[in-house]
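One chain comes next, on its own, written out as structure tokens in the form predicted on its own.
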């Protein structure tokens, strides 16, 4: 009889594909505003510690989907959302979900810089303070410094932390808003066209920052700039008329898309 144990042992090991678990998994996400449907059955995995870019023409649903991830659509009258987005094993779209807890785990950076009318220090300290993340002033000071350091702003503002955040330049204000978002140690950082109000030099600094931040955070960015999506993202999702048309590795999406609608948008035939 053949030695089955020996023959089994001789078989080469089958390597499992190196597919990371998604940080977020969206399934059948639909959104309508006052009865008009804006998103249709969106299914999208957001990989951990990567940058996912959402691209597509204006009004295609990419910002609507982004706002689903931290329930910002809840504040819009007549907005109805269904489906599931799983984060940490929980459906964050469930009515019983604690939205305050969710927004600690999912930070948001908006299109235009919106620092609080407070000092630079208080802009960063506000979130950690209300969420009870610091036991004393020394811990809060450390959170503020680390957050500003990660946002590439510490060296520029460390001697004027008591000055208003609104007194900074546009690019500095946006980095302050990024520092504010990451100060509560979120799992995910959402960015809705974070560079659209900035000049090219400030934009380049934010793009460098995004690349650095993905080592610590999972980032989802909406951008109208395909060049920016190609520069900063590892995964790209193309939305059109409320549908997720195609998603995949950014290089593949931009060089060899599978859907003709994606190719048409990438090559500028519509948009």
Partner chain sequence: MPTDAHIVKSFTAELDRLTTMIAEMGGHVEAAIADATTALRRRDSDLANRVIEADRTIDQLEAQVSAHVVRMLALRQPMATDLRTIVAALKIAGDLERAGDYAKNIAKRTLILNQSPVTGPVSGIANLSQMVSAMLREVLDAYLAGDSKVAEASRARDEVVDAAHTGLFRELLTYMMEDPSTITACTHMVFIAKNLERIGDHATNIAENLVFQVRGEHLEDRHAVSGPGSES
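This structure is a prediction, so every number in the text was calculated from the model and none was measured. Positions refer to the first chain, counted from 1.
One more form of this protein, predicted in complex with the partner chain, exists but is not displayed; see below.
- Contact annotation for residue 227: at least one heavy atom lies within 4.5 Å of the partner chain in the predicted complex.
- Among residues of the shown chain, residue 22 is not one whose heavy atoms approach the partner chain to within 4.5 Å in the predicted complex.
- In the predicted complex, no heavy atom of residue 248 sits within 4.5 Å of the partner chain.
- The candidate spot formed by 61, 65 and 68 is out of contact with the partner chain in the predicted complex: none of the three has a heavy atom within 4.5 Å.
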